[in-house]
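Starting off, we have a lone chain in the form predicted on its own, written out as structure tokens.
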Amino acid sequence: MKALLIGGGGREHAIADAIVKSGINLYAVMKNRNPGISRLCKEFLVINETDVNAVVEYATKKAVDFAIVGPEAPLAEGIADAMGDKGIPCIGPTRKAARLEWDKAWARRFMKEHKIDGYPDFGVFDNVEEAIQFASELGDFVIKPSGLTGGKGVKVMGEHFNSVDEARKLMEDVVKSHKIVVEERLIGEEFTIQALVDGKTIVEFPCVQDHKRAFEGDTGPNTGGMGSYSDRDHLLPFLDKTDVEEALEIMGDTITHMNKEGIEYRGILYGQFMATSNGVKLIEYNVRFGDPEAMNVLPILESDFGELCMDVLQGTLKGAKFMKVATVCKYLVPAGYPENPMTGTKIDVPVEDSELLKVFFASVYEEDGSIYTTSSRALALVGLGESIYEAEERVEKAISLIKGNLFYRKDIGKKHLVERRVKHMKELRSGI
């Protein structure tokens, strides 16, 4: 069997690893030559992943049995539809179904129209003054562009701006290319549930918490994600089982109502949620695995990933098994990231995969046997352990061996940061 992987980042390296472990011959298209993915491939092509015609032509030429899409941009361009037109099934939703991610305004309106629980008070605007009026009425609010921004578009009052005047400037930038989505600010702890969907059945993966802010202590600008962790019981230290049940109900209701609208959803669905004092709320949907969150869950998957992919395509999903271990993922990024990253910096990675440590290459390229940084996240290390703290120590030990002008968040997975989350959630639940 042959599979085509679309994408060339850390998330895609993790997907590639899972595919090859299933005994499937791997082909890939990616915009940079990712050394981790290229070493796993029978063959690969370096092109822009959103060049739909070129990607489909390559898939057809190689007679692949199915394709799997890593990033969101090709899905928004309709790559799953184009593959389907050529008889190549795709692990990734059609453009119409992928609207859950590429049009946040549509996704919110869809939930409201179908009375799907778990959305905050919101408004969608083309006009800055109308958006400001609504935001002023909310008092404490969040600004989002309606379209794709690589996970970096959300601006939160009290973190990214402190006044309506500051919000106005941000909205003026947003409205140049997107509708403005204004939402009430949710207070709580974020968590992610990633799942496979075969059109009706949802099979969830372990919960993960991502860390978007660039610097330690959850400060600095938003990024695509600086790291993440999961716990051995597949919950998180600050979550209850009922939180997960509420989140899965929201995801299930969404798929049910999409079916009623004639929109079949097949592929990966990622729900980013907030556990609040008033129940679980959906922050947003993504229509692919998270980056870095995929790197926490795929290495601990005990079920055969290739068989799960076939189940998605055939509508026969039943369940998946995972190792009972904790994971911690830390991203190493170029100096100056995210605002002024140094590019073309050579890095030395003398660390190899083992049962308890995974190395995933992200936005790097390989030239003459050496690895160099681009302007984005470079390398992710994932530790496995009996506890979050054991996994974190394993990652730190490995990072100490890597050389290059890189930095990372040392606090991800540390006891003081996890316990702060737990304390915060306890206070919210008790009304303190």
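Quick caveat, the model's predicted, so the values are computed rather than measured. Don't overthink the numbering: it's just position in the shown sequence, from 1.
Unshown form predicted together with adenosine monophosphate; subsequent notes refer to it.
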property: One stretch from 319 to 327, 88 to 96, 280 to 288, 306 to 314 that, in the model of the complex, holds residues within 4.5 Å of adenosine monophosphate by heavy atom; result: 280 to 288
property: Answer option from 156, 76, 356, 248, heavy atom within 4.5 Å of adenosine monophosphate in the model of the complex; result: 156
property: In the model of the complex, the residue from 128, 186, 164, 342 that sits within 4.5 Å of adenosine monophosphate by heavy atoms; result: 186
property: Complete contact of 104, 120 and 142 with adenosine monophosphate in the model of the complex (any heavy atom, 4.5 Å); result: yes
property: 4.5 Å heavy atom contact, residue 274 to adenosine monophosphate in the model of the complex; result: yes
property: Touches adenosine monophosphate in the model of the complex: residue 232 (any heavy atom, 4.5 Å); result: no
property: Contact label in the model of the complex: residue 212 to adenosine monophosphate, heavy atom within 4.5 Å; result: yes
property: Touches adenosine monophosphate in the model of the complex: residue 81 (any heavy atom, 4.5 Å); result: no
property: Any residue of 189 to 209 that, in the model of the complex, places a heavy atom within 4.5 Å of adenosine monophosphate; result: 190
